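Single chain ahead, written as structure tokens, the form predicted on its own.
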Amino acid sequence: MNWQDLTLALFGPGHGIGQDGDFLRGSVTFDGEPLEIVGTTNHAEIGVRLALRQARSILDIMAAHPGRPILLLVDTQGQRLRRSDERLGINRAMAHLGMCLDLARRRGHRVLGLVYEQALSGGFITSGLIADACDALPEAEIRVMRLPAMARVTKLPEAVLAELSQSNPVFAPGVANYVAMGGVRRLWQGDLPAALREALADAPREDRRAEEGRQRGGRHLAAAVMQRVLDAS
């Protein structure tokens, strides 16, 4: 689903969300309450400029509208793999975006992520995965690393990883696997305004992804390991 159809279904015509290149921004009214929208489209590559533009929007929202909920519309192919962005410090720009979102959460903003098209790699890690909760549309495509790249990093044969991906969601792409791992909280199906209403109403104040991954059978040890670290600290 493209962002125009999505926002029309959620907020009706004349919602006020605008597109500038790969960047989406707007303020809407939902159920009589204001809601801030920040997002990307066109399977955006998140380079230095786009990361900083999103971060600037989050800072502006905190300054002008303390505590107002923020919905992140996620459609990205990941970080921009260009030498110019590397030289400009893409790692620091994306870390800055992540820290701005974390600061917004700490200041009382409910921050929700919605993957409506594609979410890959660092562009997803520093947006939807830092939100209080990240949801997705059923037809969205999600993966952090392709199997060939995973094979290069882990030094395991790609055939071995492909076999593992059949039974272990950690190695497999797809929305259902990210739901199983707890990275995606729930899928929005049918009545999209009702799904948004529910997401705003029960946005968690603490990170429950590891525990939800354990309950859903997608991550068996993460929650236990985290608890052991906390108990030892």
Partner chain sequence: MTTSYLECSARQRLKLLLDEGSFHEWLPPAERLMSPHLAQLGVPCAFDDGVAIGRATLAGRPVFVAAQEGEFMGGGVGEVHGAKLVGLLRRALRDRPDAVLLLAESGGVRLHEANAGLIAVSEVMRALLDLRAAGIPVIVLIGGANGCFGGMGIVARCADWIAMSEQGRLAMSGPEVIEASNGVQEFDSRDRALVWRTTGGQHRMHSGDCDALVEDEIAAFRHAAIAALDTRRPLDIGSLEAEHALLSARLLEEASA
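Positions refer to the first chain, counted from 1. These numbers were taken from a predicted model, which means no experiment stands behind them. Definition used throughout: the rigid core is the maximal C-alpha set that superposes within 1.5 Å between two forms.
FYI, the form predicted in complex with its partner chain isn't displayed, but the following is about it.
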property	result
Exercise: residue 137 in contact with its partner chain in the predicted complex, heavy atom 4.5 Å	no
Contact test in the predicted complex: residue 169 vs its partner chain, heavy atoms, 4.5 Å	yes
Residue contact check: residue 231 to its partner chain in the predicted complex, 4.5 Å heavy atom	yes
is_contact(residue 132, its partner chain) in the predicted complex, heavy atom dist at most 4.5 Å	yes
Its partner chain in the predicted complex reached by all of 10, 44 and 112, non-hydrogen atom within 4.5 Å	no
Those residues of 64-93 which, in the predicted complex, come within 4.5 Å of its partner chain by heavy atom	79, 81, 82, 83, 84, 86, 87, 88, 89, 90, 91, 92, 93
Core superposition between this form and the one not shown, C-alpha change of residue 161 at least 2 Å	yes
